[in-house]
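Next up: a single chain in structure tokens, the form predicted on its own.
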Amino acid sequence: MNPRRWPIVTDADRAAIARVLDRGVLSGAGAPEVKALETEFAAAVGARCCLATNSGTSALHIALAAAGVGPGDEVIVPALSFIATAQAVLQQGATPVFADVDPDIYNIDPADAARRVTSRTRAIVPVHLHGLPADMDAIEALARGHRLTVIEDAAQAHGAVYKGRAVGTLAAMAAFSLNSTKNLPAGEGGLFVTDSEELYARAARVRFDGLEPPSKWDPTHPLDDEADAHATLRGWMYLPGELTSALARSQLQRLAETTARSQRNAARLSARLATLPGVEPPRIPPDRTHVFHKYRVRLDGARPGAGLGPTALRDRVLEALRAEGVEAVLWQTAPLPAHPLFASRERYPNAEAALASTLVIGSQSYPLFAQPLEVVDAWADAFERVWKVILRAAERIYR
């Protein structure tokens, strides 16, 4: 059975785009689709304020700027994430300081983060990697002890919950992505959320070239601001377009459906893979939910590997799964500090081990969370076949 490609575009999505074209308003800080998206997403996560942006990276950047981060400051980020987490820090002139991750759930390790705090540390950015919330209680305790601002990188975690609270409401500010790969896709775009009116106002100016956004919008003059404004701080043009905002609003209506399907598919696949010796499905602490933007599987090669190192075993399984028609990929192959941009020689053993011994079921074009159960079962069948072949090969060698 052919897998379902992401994103899924419906007639409702097409109607939302047509609505924008018919109106003839394509952009603006006060434009109706942008403002409605901000209101609706804030309500969806339970936040007081929201700003739509042109990317998840820019949403994170305006949060850092609103926090007062600047040149000479340090910001603690996890060693395992997408590069945008660190790039946003660099964009604000600060230095990303990398902390290792928890070996079981791949999110930032609060204990290692605590060891990285210096007199220059200004903020910490926990990433809810793959849709699983980080250990926010421990991170908030660390931040309070050192007067740090916490900013959630929730780019992959729309709809996840930590101790009964929605991701995006667990810290001073949060940033989400609307990239096509995400569980809430709109092409390119981002969402900044906060409960602080002060942080919201500052971030709004950063998003709009340092200017105060217009207080009114006149549908008869949609491109004309009420009055000239004067820049009060350094800013960028990070506004999204109306087409993106309209599509995001339409997709937001189906986010709960996407989340339920993702969790159903992950539960189905985990139940199958958990019976295979040496295969470890994603772990979910009991105090939080996972939305499985990515479904990362760990392979324990101690027995079935028959002398293979973790990377060799991973690559053999990856090749075999692909031959069976499974959408299986590697997402990140090195910790962020090892990128040539940073060229750090420091070791991050947990992040390194995670990347060496894991693979992701579902690609970005054909993610697990998009699939009907028939495809999930077919992928599980293929994984079982591949793993049995590897076990048999190991048995022959051990004999």
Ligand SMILES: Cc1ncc(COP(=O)(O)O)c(C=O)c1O
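Since this is a predicted model, take the numbers as computed values, not measurements. For every residue, the number given is its place in the sequence shown, counted from 1.
Unshown form predicted together with the ligand; subsequent notes refer to it.
Interface stretch in the model of the complex with the ligand - options 155-163, 313-321, 95-103, 206-214, non-hydrogen atom within 4.5 Å: Within 4.5 Å of the partner lies stretch 155-163.
What is the one choice in Thr289, Ser270, Asn179, Thr259 with a heavy atom within 4.5 Å of the ligand in the model of the complex? Here the answer is residue option Asn179.
Of Ala113, Leu247, Ala84, Ala171, which residue is found within 4.5 angstroms of the ligand in the model of the complex when only non-hydrogen atoms are counted? Partner contact (heavy atom, 4.5 Å) among the options: Ala84.
So, in the model of the complex, is Val326 in contact with the ligand at a 4.5 angstroms heavy atom limit? Looking in the model of the complex, residue contacts with the ligand do not include Val326, since no heavy atom lies within 4.5 Å.
Can you tell me if Pro367 lies within 4.5 angstroms of the ligand in the model of the complex, counting non-hydrogen atoms only? Heavy-atom contact with the ligand at 4.5 Å: absent for Pro367.
Contact test in the model of the complex: Gln371 vs the ligand, heavy atoms, 4.5 Å: Close contact is absent here: in the model of the complex, Gln371 is far from the ligand, nothing within 4.5 Å, heavy atoms only.
Would you please decide whether Ser55 lies within 4.5 angstroms of the ligand in the model of the complex, comparing each non-hydrogen atom pair? Yes - in the model of the complex, heavy atoms of Ser55 and the ligand come within 4.5 Å of each other.
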